[in-house]
Structure formats: C-alpha cells, structure tokens
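First, one chain by itself: the form predicted on its own, in structure tokens.
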C-alpha cells in the first residue's frame, strides 16, 4: 500500500538504478545515496550510514523531482476542493516535488503577503516545493496592474491572471514592460474572449451532436499571436499555459525563430484526448482550454517530439463531485492530473511519439528552463536541490479514486490503464512517499 512520510533524517541508498538527468547529460546505472539536503551518485561505502534504508533499484529509473508549471491548490478560499497539504500528497504520488500555483484563490494571490503565505504554509504542512505565479492584475479583474516588483520580492516566479487573459492591449503591454524590467515571467491563459464567449467545448461535430454551443479553436491562437507581437516590442519573457492548437504552436515557433523569450507547455489531457471524448457529456472531460480536434492533437505530439513545446504541465484543477455533477454547461472547467502526468508521457513513449529521455525532460529540465532555475530539474548538476523520484516503467496501474490522493477525484483518465508507476519520491533528500 502507498505510504506518505513526514520528513525524517534517515538516509536512503538506491542501488543499481538508471539515472536519467537530462540537464546534466547523465543517463547511466548508478548507486544513489540520499540524505537531508544532498544526493550523491556512486557514494563510497564508508559514506553510507549503517542504518540507511536500502532500495534495490534494478529496473527502476531515478529522475530529478518532477516540476509542474501549473497547478491549483485552491488555498485560501476553496479548501473543500484542495489545499496545499492535500495537493502535496497528490504531487508526491506523481513524483512531483515542485509546483507553480496559480493565483485564482480567495483572496487572490495579488499581494506580497498572499504570495509569502503560500511558501510558509507549504513548509508548515511539510508539502512539496511551492512556487507562486501571482496575479497580474488586482483581484485578477483585468483593470489595474499589481505591483509586480513587490510580488517578485515576496517570491513570485511569474505573474498571470490564470483563466482570465489580459485582453486589453495597453494593460498587457504595461505588464510585459514591467516583466521585462524585472526579468519576471508572464504566463498567459491564451483565450480571446470576444471569440470564445466562455463556451464549454470546442466548436465542431461533437458539440453539434451534443447540442452545446462551442468556441472556435482560433480563440486561443488569436491571443497568442497578439501576445507574441507585444513580446517582440517589449522584450519580456512570455509563457503560454496549456497550449492546445496548431495555430498557437505556429505562433510560438515563429517567435522562437526570431529569438524571442517565448515558451509554452502542453497538458496531458490535450496530448492523449480529443473533443470526441465529450460525446457522452461526461464533465470529467470539460476543461479550459477545451479538448481539441485530432488534427490539433497530432500537431501537439509533433511539438513535444521536436522540442517546440518546452514542458508538460497538468493544470491540476480540483473540483468536488457535486460541482462536476451539474451537467456539461454548468459544471466548472478543470480536471486533476498530478498523479497521472508522467504516466501519460510514458503512454506516448509506448506509442513511439517520444523516447524515455524526452519524457523525463518534459517534466524536469524543460520546466526548469522555463523558470530559469538552475537549482531545479537535475540531481547531478552542482547546486541542485536534493529532489528525486523513482519510477518503475514496467509497472502498470489503472486510474481510480484509490490511486488519487488529492481531495478531489475529477480525473479525465479514470478507468484508464497507464504505464509506469512512481514508486518513491524524495524531497530535499528525505523519503516522502513510497509504494
């Protein structure tokens, strides 16, 4: 049975494990010693404490602790869906040791005090490493910019209005100008609301069959194109959250070709599913951006294979069963994904879309590059944090409420068999989860 552990100082030796560390260009068999605050590859026998926990790593992979660039831990204000403690359990079960939380809490994460609370609370409950994408505008209302410098000073790694894109051109430019001066990342949920009107799914044959109004897929790409033009004028760092369409990816590729500091992520549900999954009206397939066409999905798969897409992030969005039972139009957008994200990537390895090294990169070195954090995404590079997860690539599991450890169970993958199971997770050198 899976177990979660409070931090403790006992060392662990994992012997004969395959270490995959893309940032440090390491892919080899090694013994790994974990102790508070440090990881050592191939330690001397004299350096291994007699009371160290010993794990046979034969057949396992040792990866840097996974990084999720977009999660909703809902605290403060919506703890009935998730809080930092329960979200951390879900993260640990998925091998994720660092998360970037979004600001759509209540109150919003739009002050230095609100930003500082997130890290302090994570430490208090012995959670995973919590980084903050703070609100770009006060109350994420799209009217007045927040004090970006004060938010950064309190620890924010980015600003965003999360699911409420900055539609006003002048306001977006002003935010990007602040970000450029501060070397602060802007994260955008790209959606032209004048085109999408907040409709619950993508317009197409499936929406017509359900009798549900759909939004055009171009609502995303139009916003990305506008933003890229502003990035070219301001020189800011800009990241597209949960990119989901071919038009959006074309804009990102063009920006990268010009040398702009533009990055993007894709979410597991957009890589594995299409809008046809919505045909039965199951609200577990309602998310924002909505599931897209097979043609868009194929473009995303090409994008993760050719590295146009920098990272995979879950957009982990917990909701209660009662909320998700309201019907397709009324139910809230969002699905959870922390426990299943890396397994989703291994599904793509099985399908021949990417190899195992690229799967590891998409949740380690890739997101660390987006954040410009040299201390994350590696275990062998000097100065790296001592976070690690062990994966059994041959172990399969079926997603069920029993395999989900957060407060909410609204997964798009319930009932799906997936390859690869995280069997242990370490934070700061300490064992925190083990199957």
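Numbering follows the first chain given and starts at 1. All values derive from a computational prediction rather than experimental measurement.
Heads up, the form predicted together with a small molecule isn't pictured, but that's what we're talking about next.
Remark: none of the three candidate residues (100, 239 and 367) comes within 4.5 Å of the small molecule in the predicted complex, counting heavy atoms only. When contacts are judged by a 4.5 Å heavy atom cut-off, residue 127 does not count as touching the small molecule in the predicted complex. A residue is said to contact a partner when one of its heavy atoms sits within 4.5 Å of a partner heavy atom; residue 104 meets this definition for the small molecule in the predicted complex. The small molecule in the predicted complex comes within 4.5 Å of no heavy atom belonging to residue 226. In the predicted complex, no heavy atom of residue 296 sits within 4.5 Å of the small molecule. Residues with any non-hydrogen atom within 4.5 angstroms of the small molecule in the predicted complex fall in just one of 206-214, 138-146, 156-164, 351-359: 156-164.
Note on contacts: among 200, 221, 268, 334, the single residue with a heavy atom within 4.5 Å of the small molecule in the predicted complex is 334. Of the candidates 292, 256, 189, 247, 189 is the one whose heavy atoms come within 4.5 Å of the small molecule in the predicted complex; the others do not.
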